[in-house]
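Quick heads-up: the structure tokens below are two forms of one chain, split into structure 1 and structure 2.
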Structure 1
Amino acid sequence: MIATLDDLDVEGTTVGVRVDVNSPIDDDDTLADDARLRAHVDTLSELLERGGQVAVLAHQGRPGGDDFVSLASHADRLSTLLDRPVDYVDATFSEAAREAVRDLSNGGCVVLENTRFYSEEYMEFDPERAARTHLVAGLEPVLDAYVNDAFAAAHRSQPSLVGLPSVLPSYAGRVMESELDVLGSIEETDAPRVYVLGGAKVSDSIDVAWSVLEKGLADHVLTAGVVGNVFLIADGVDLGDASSDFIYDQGYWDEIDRAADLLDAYGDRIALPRDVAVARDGDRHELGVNALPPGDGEAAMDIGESTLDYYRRILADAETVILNGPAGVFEDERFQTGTRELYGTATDIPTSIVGGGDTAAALRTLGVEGFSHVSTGGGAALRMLTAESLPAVTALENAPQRPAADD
């Protein structure tokens, strides 16, 4: 049983809140998109309005990347979104960080520095070992409780995700609570149930397909994007060198055999693209999958209109649709059609659940809205759809005894 904010006596309590605000960054190191910050406003606002003293923990980017920057601009943006002052300190667990946390008054908030500026946060630990890291040892003395609202990072096992809940009374934030409620109850949704698997997370998508087909949770699985291309090759289609080389270069070649095994076992429930879009003479050009020129031809960049018609007919009978991954290279305007039309069709289905990560980014870019639930997590959502445990969720389940809630 995971405790939520309903179980936390907030007033006067110093709470460390782990969020996932990993965002696109502009050339001047400021935020290019604040969607992930907006997702956490409800949790942070509730804690602050109930008189909590909130220290925000988060990561941004990876070492060596252009988006590996401080959280100063995140703090500025949170101040606007929360409509109250939000402090920032360029330290995470040092004495400077502890002093900033101690100085908080009821309703006060401080954003601590990017957790990944410290090597421990770029490593995976079991909870017991994570509890002995410098980050946990540095922050535990100044925190009364811990809240994890970072569902998008729940498949990781870094100290800020599994170490702090090992030593502090711990709770799920509103984002985490909602994600676990929705993604943890897929089996209770109405059938027919259709899964749409696109994007480039081939191994994860095949894991999901195996799991939901074996358990009878999927009446149909529709494939698109790189996932669809892998299944086409597994089905014997020659997509040409450009698409095949991309799959090989990304390390997905071994997944073709897994896709072939899946087609052998459940081929009658797996739908493959019938046509694709390529770039020819600067424009979008659609070809049947068996009409692609062999050898050094154009790469498949999107699904075509024939595929969309085929998929629409399957979706017309669905009561529930679960979607993860774009249908094509949506960053290029010529190849946005598949994702826009396929996801747009899904909004008409009674229950429509969308995975996060690249999928959520695609929908924001294309302006597609109207889903029952859009997850904040990509990898974490996929893990939940295969019924795998999430380390950060397990850590919440095993957290120490909690104090009683306020009235």
Structure 2
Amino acid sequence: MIATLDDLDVEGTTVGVRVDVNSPIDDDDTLADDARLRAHVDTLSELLERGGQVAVLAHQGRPGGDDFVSLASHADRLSTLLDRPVDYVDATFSEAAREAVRDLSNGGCVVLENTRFYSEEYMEFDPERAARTHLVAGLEPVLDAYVNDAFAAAHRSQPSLVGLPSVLPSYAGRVMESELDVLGSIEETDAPRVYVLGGAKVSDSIDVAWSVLEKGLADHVLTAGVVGNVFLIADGVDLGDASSDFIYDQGYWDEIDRAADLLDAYGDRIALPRDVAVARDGDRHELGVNALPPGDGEAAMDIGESTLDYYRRILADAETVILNGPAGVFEDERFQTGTRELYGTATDIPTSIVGGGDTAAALRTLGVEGFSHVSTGGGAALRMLTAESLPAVTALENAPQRPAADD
């Protein structure tokens, strides 16, 4: 059983809140998109309005990446979104950070520096070992409680996610709570249950497909995007050099064998595209799989109309649909049809759940709305959709005794 903000006596309490604001970054190293920050406004406002003092912890990017930047601009943006002053300190657990946290008054908020500026935070530990890291030792003395709202990072076993809840009374924030409510009960959703796997993360999608087919969670798996292309090749279709080279360059060539094994084991429940769209003379041009390979240099960039008809027929009987990854290269207007139509059809199904940060952004751009739930998580959502536990969630479940709630 995980405690929530309803169980926390907030007034006068100093709370470390782990959020996931890992976002696209502009050339000047500042935040380019605030969607992930906006998701955490409810949790942070509630804590501040209930008289808490909040120290925000988060990572941004990965060491070596162009988006591995300070959280200064995140703090600025958060101040606007929360409509109150938000401090920022360029330290995470040093004396300067502790001083900034101790200086908070009730209703005060400080953003600490990118947790991954410290090497331990980019390692995976078991919770007990994570509790003995510098970050946890440095922050524990100035925090009374810990709130984890970072569902999108909950598949990582890193100190700020599993170490702090080992030593502090711990609670799920509002984002975490709602994600767990929906994604934690996939097994309880009504069947027939259809998984739609698109996008470009082929290995992850094949893992999900294995798991949900093996566990009997999926009545059908519909493939699209690069995932669909890999399954077509695994099924013996010649997609031509452009698509094959792309799959090879992305490091997914070995996945073709895994896809073939999956087709051998569960082929009757896996649906493959019946046609694809390529760019020909500058326009979208659809080709049935029997007409493949496409011309020189033509890559399969989207699913076509006959695939959409086929998938719509399967979806017509579904009670629950779980979707991850776009059906095509939605960044190019000519190849948005598959994603817009397939996801649009899914909104008519009683329970429709979307996972994947890029997918959520694509749907916003395409104006497709009306799902039962759009997850803030990419990798974390995928893992939950296979009904597997997440280390940061387990850490919350095992967190120590907590003080009584406000009333």
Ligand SMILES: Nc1ncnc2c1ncn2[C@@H]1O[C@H](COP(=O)(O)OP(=O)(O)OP(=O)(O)O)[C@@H](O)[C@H]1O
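Please read these numbers as outputs of a predicted model, since none were measured by experiment. Sequence positions of structure 1, starting at 1, serve as the residue numbers.
Structure identified as the form predicted on its own
That would be structure 1, which is the form predicted on its own.
Given that two rigid parts of the chain turn against each other between the two structures, choose the hinge position from 150, 55, 183, 145.
At the hinge: 183.
Going by C-alpha fits of the two rigid parts, what is the rotation of the smaller one between the two structures, in degrees?
Relative rotation between the two structures amounts to 10 degrees.
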